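Starting off, we have a lone chain in the form predicted alone, written out as structure tokens.
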């Protein structure tokens, strides 16, 4: 099992996603002899998981059933253990596009946090690209490195435990793109510029407060970045359902008519953060 290469069968040591429903799923590390408890009963790894195909419908000890899914960055974002606040797929998708990431890209990231964006970047730049990710907190850095090894993507990522604002990313003139998710990104703009390739590159800073955005934009301007723009992504989900309405009395046959209608959900995810993008100038 690898987060960047699909495997057909579940193996000992794999990370799999136990799917009980769209609102209920969780990751599990498959181990010979282990058991996992669900509301539908026990799943025995040796007999119920190992050797089965991903996507299989597994019957639990109480007669209920679950699906066992192959992990993806999107599923991992929804189920990972939170060590910090994380980025979700709505913001990640825009970051991937605006930074122009593709297979072979070299990316610098700070901070690693819970690894949500890191896994998405790794999948995007594989098989020939690389991610250099910096985490200030030692335990979070060690845990991220451990997860990358478990997910068999350690050859695509280098984890550094240091202060990016003081020590930078540890590389110079190699990155196609830089991503910053730290409390004071303006202090790391100079190091980001040094990490980007001489011929230019893209940078993105994620900040929850507009005051952070203002200071970051000033720092970008001082270091010669161009094409600066700040975006906020608000995802609005619509519920499509069948509605029946009475046909008005116009002197003809009466009755009801059915049609599909989309209405927004009463609750939605609001502000997550501001995404500020810029380009390293060639001149």
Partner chain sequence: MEESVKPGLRIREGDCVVLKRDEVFKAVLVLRRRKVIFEKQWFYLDNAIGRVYGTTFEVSSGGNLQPKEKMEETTTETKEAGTDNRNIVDDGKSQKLTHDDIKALKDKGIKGQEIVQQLIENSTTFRGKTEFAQDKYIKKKKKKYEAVITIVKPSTRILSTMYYAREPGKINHLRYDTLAQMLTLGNIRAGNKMIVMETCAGLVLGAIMERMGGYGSVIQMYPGGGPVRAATSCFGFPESFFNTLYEFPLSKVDSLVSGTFSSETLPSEPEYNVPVEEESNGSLDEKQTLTQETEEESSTEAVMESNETEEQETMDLVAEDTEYKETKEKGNKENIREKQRKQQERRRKLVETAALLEQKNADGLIVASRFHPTPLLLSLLEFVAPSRPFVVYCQYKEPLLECYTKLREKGGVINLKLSETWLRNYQVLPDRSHPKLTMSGGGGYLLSGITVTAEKVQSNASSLEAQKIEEPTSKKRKLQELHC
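Definition used throughout: the rigid core is the maximal C-alpha set that superposes within 1.5 Å between two forms. Numbering follows the first chain given and starts at 1. Since we're looking at a predicted model, the values are computed, not measured.
Another form, the form predicted together with the partner chain, is not on view; read the next lines as being about it.
Just one of 158, 162, 84, 72 comes within 4.5 Å of the partner chain in the predicted complex, counting any heavy atom, and that one is 72. In terms of contact with the partner chain in the predicted complex, the residue from 139, 149, 184, 93 that brings a heavy atom within 4.5 Å is 93.
Taken together, the three residues 123, 229 and 235 all come within 4.5 Å of the partner chain in the predicted complex, as judged by their closest heavy atom. Only one segment in the set 198-206, 108-116, 162-170, 130-138 has any non-hydrogen atom within 4.5 angstroms of the partner chain in the predicted complex, and it is 198-206.
Among residues of the shown chain, residue 260 is one whose heavy atoms approach the partner chain to within 4.5 Å in the predicted complex. Proximity of residue 214 to the partner chain in the predicted complex: non-hydrogen atoms within 4.5 Å are present. Looking at residue 42, you'd find every heavy atom of it more than 4.5 angstroms from the partner chain in the predicted complex.
Contact check for residue 89: a non-hydrogen atom falls within 4.5 Å of the partner chain in the predicted complex. Residues 53, 54, 55, 56, 57, 65 are the ones in 48-66 with at least one heavy atom within 4.5 Å of the partner chain in the predicted complex, listed in sequence order. Once the rigid core is used as the reference frame, the Cα position of residue 261 differs between the shown form and the other one by 2 Å or more.
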